[in-house]
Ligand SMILES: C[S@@+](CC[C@H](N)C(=O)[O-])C[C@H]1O[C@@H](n2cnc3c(N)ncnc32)[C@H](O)[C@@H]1O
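The data below hold one chain only, encoded as structure tokens and taken in the form predicted alone.
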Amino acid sequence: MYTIDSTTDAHEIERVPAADGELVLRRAGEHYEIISNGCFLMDTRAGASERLLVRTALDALGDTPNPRILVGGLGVGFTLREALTDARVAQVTVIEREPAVVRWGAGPLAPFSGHALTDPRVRVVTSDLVAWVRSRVAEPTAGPGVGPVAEQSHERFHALCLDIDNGPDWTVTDGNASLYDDAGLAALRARLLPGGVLTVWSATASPEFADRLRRRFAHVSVHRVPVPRGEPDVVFVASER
């Protein structure tokens, strides 16, 4: 996360309690920002690396028919929107911990995702991703513009596209760190169908995490996306293909 510039002309739209403090939705000109506990979390200005998160996964799946995608973290909807641009995609499940983010995604942020939450292929599960990955039964679905609750236990997907932190070494909460260790990667892999793909977004490089991925997946690549604020965003891609 990044410290907020106090000179910005952004004004507050809404402030809500969150699982780990508070979230604030702000507007700055034509764009919106989401702030977590006083630190910048995401905004609607760019989104190239967020789109790459799902595009690299879909490319790695090749000609897999009717892929089922899991998006970890709704954010401002860039990743979800990119998934839906591929006509092959049969379903996108979004795991989002914060109900307010889902509500904002169906409200003021909807134009930035192309109103993706109204797509019939989309369902949103309001749950902590770390707990959900290890669970045997999906949490109830909630929020506006969402699809039906999954009936099967321990669902598996063709691709997992995760963006819930600023990276494996820079988590929003301490508990999220367990998603990126060896046990967390084992739990994630158990959620993949044969030949599936895991992609992880990061605001910083993490050679240690890349090495951890290489111990569990046959093919690992690291994509860097230049950004105006300095250090490139990073997308890790791991698969057996």
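Here the structure is a predicted model, which means the values were calculated and not measured. All residue numbers are counted from 1 along the displayed sequence.
There is another form of the same protein, the form predicted together with this ligand; it is not shown, and what comes next is about it.
*Asks:* Please pick, from A106, V89, V124, L129, the one residue with any non-hydrogen atom lying within 4.5 angstroms of this ligand in the predicted complex.
*Replies:* Contact with this ligand in the predicted complex is made by L129 alone.
*Asks:* Can any non-hydrogen atom of E50 be found within 4.5 angstroms of this ligand in the predicted complex?
*Replies:* Contact check for E50: yes, within 4.5 Å of this ligand in the predicted complex.
*Asks:* Determine whether any heavy atom of F78 comes within 4.5 Å of a heavy atom of this ligand in the predicted complex, and answer yes or no.
*Replies:* Looking in the predicted complex, residue contacts with this ligand include F78, since a heavy atom lies within 4.5 Å.
*Asks:* If you check in the predicted complex, is V101 within 4.5 Å of this ligand, heavy atoms only?
*Replies:* Yes, V101 lies within 4.5 Å of this ligand in the predicted complex.
*Asks:* With the partner left out of view, is N176 within 4.5 angstroms of this ligand in the predicted complex by any non-hydrogen atom?
*Replies:* Yes - in the predicted complex, heavy atoms of N176 and this ligand come within 4.5 Å of each other.
*Asks:* So if I measure heavy atom distances to this ligand in the predicted complex, which of the stretches 210 to 218, 39 to 47, 186 to 194, 54 to 62 falls within 4.5 Å?
*Replies:* In short, 39 to 47.
*Asks:* At 4.5 Å by heavy atoms, is each residue in L74, R97 and V172 next to this ligand in the predicted complex?
*Replies:* All of them do, each having a heavy atom within 4.5 Å of the partner.
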